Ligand SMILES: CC(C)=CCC/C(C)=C/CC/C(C)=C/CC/C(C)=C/COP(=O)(O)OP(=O)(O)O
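Before any questions on how it binds or moves, here is one chain, the form predicted alone, in structure tokens.
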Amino acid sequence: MTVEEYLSEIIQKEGIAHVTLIDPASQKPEEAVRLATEAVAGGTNAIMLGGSTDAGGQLLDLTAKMIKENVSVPIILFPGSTSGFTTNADCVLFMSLLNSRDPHYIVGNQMLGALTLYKTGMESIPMAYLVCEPGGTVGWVGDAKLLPRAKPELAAAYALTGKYYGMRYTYLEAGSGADSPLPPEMIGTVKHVLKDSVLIVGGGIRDGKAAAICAKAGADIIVTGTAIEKADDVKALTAEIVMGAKMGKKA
């Protein structure tokens, strides 16, 4: 079973999937392993590795290898550039930051990494990446023209662009450490036009209540990163967010 099939099956059975994002540059590999194992114990369905700065190279290789040796869920790469790739993973999100002003983040880095990905034969999932207000570090590094929270139709137009390009996933991102999740109106508007395409929502989701709101609005996959990295009890917080997301789908 591919990672994409695995996530699709979870979405079909549970209504929603949860992914934990770990930035290899934020802690030592041993700490990343602890975060990953506790998140898996709390119910997360996959571990995503990536970051906006200093998240690649040998540090990524070692972090991915050590996590893969200690968890049973898939390891998904979330690369900010060509340095964000390692063979010690199961899948890579082959993404384009569609609302970037810098062509390197739309197609340049993707072109530079395409042959390497081809030669390894690793599974890839084409994904439209959309950064919304406030954007955080990724918005600044990726030179994104941030999508306004009060203009959900703009996010929907970009999402449709990605869908018509053939991208099967769309990731609506508020930015790591955002003060609040994206508005349900934006999530709902985007999901309405995407229909069966997978919608990922991340940024500012710190508890079960926020996860429930995002899930009810239309998210298919919830991503939590900063909140997990800062949690005193990673397992408990992950379980709360996972349960909240599932309850939101049932509401």
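Computed from a predicted structure; not experimentally measured. All residue numbers are counted from 1 along the displayed sequence.
As for the form predicted together with the ligand, it is not shown, yet the points below apply to it.
Asks: Taking 4.5 angstroms as the cut-off for heavy atoms, does Leu21 touch the ligand in the predicted bound form?
Replies: Within the cut-off, so yes.
Asks: Indicate whether the ligand has at least one heavy atom within 4.5 Å of a heavy atom of Thr137 in the predicted bound form.
Replies: Yes, contact at 4.5 Å.
Asks: Is Ala159 one of the residues lying within 4.5 Å of the ligand in the predicted bound form, judged by heavy atom distances?
Replies: Because no heavy atom of Ala159 falls inside 4.5 Å of the ligand in the predicted bound form, the answer is no.
Asks: Can you tell me if Met167 lies within 4.5 angstroms of the ligand in the predicted bound form, counting non-hydrogen atoms only?
Replies: So Met167 does not count as contacting the ligand.
Asks: Partner absent here, but in the predicted bound form, which of 60-68, 43-51, 213-221, 184-192 has residues with a heavy atom within 4.5 Å of the ligand?
Replies: Looking at the other structure, the answer is 43-51.
Asks: Among Val141, Leu154, Met122, Leu146, which has at least one heavy atom within 4.5 Å of the ligand in the predicted bound form?
Replies: Selected option: Val141.
Asks: So which bits of 94-125 sit within 4.5 Å of the ligand in the predicted bound form, heavy atoms only?
Replies: If the 4.5 Å heavy-atom criterion is applied to the ligand in the predicted bound form, 94-125 yields Phe94, Met95, Ser96, Leu97, Tyr105, Asn109, Gln110.
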